[in-house]
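One chain is shown next in structure tokens, namely the form predicted alone.
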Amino acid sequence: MNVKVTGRVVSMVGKPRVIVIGAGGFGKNHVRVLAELGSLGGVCDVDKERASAYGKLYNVPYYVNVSEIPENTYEGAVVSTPTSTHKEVAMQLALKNVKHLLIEKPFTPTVKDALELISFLKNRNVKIMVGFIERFNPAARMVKRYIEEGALGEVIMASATRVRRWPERIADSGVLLDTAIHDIDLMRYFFSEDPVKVYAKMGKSMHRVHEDYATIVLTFPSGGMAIIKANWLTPYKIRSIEVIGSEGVVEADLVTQQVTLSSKNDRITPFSEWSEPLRYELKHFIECIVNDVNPSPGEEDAVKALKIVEASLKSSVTGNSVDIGT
């Protein structure tokens, strides 16, 4: 594959070409890491100055609107625009014959939008990945490995805390969709089953438009339970996980990636070097493009997380626990 850029030819042999839609916010990290992996094929951003800067920096084509992207040019795309635009952007990319999409969490604002988008993409044979990046966090993967190896015995309960200070800003989602959804997905990942009931309380303290604090309690078919706490109020960052089993406890700091396993007779903290979860996520996405296989987490994970979000919102309004539909 060769891409002509301002009179130069950039060799892309053996690497799928991936375009990033939305290079502000977290999108700029997708641009950087894809470039490091040799698969950045283009950048699209409504801010022409930003798009131009990244295009020139990495010597790739840049666009201001998805409509400008030529058909049959990119094997994959990362959608990192505001959530409210994901559906429209993804559909436009499918019409450009992009066959592999990584759509940032929370995928779409609602379950209804998600199901409509998935139906549209599947009819065009597009393979879908959702950006639940914490599944690629080495600390989360170590927790999962301890669970699968039986180091904790029977998993009884888990908790997650994800807090930081976040100023009032123009945004299209609150702390639940923007933040807590990561831990909703992680709890499904750790328990290897879907919760059947949720009880949640949330509210607004410093933010006027969306909720800025939430506590969610999930109940699983096995009898296990999970508690998720998230807010945009705490003046420092915490992203932590604790899983308690009949034979042990594992604690993980998702920021430092330090994991500690405790049992009746021992407490160990294995050493591991910090590594960037996004790099693992994008490597997986690229490998799925090369092998033309479905990535994980995929569209089913996106829909199930959104169903839990919607049930949590309903629970907070009614003050009652809510059964989660399958």
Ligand SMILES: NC(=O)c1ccc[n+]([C@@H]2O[C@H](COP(=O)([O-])OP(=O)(O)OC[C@H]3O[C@@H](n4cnc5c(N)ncnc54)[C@H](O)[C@@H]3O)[C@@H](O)[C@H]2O)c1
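Source: prediction; values computed, not measured. The first residue of the sequence shown is number 1, and the count goes up from there.
Omitted from view is the form predicted together with this ligand, to which the following refers.
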Within 4.5 Å of this ligand in the predicted complex by heavy atoms, the stretch out of 148-156, 247-255, 200-208, 128-136 is 128-136
In this chain shown alone, the residue from 87, 100, 182, 188 with a heavy atom within 4.5 Å of this ligand in the predicted complex is 182
Q.
Using a 4.5 angstroms cut-off on non-hydrogen atoms, would residue 19 count as touching this ligand in the predicted complex?
A. no
Quiz prompt | residue 106 within 4.5 Å of this ligand in the predicted complex, heavy atoms | solution = yes
How about residue 14: is it within 4.5 Å of this ligand in the predicted complex, going by heavy atoms?
no
Taking the shortest heavy atom distance, is residue 282 within 4.5 Å of this ligand in the predicted complex?
no
Near this ligand in the predicted complex, with a heavy atom at 4.5 Å or closer, the residues from 18-49 are 21, 22, 23, 24, 25, 26, 27, 44, 45, 46, 47
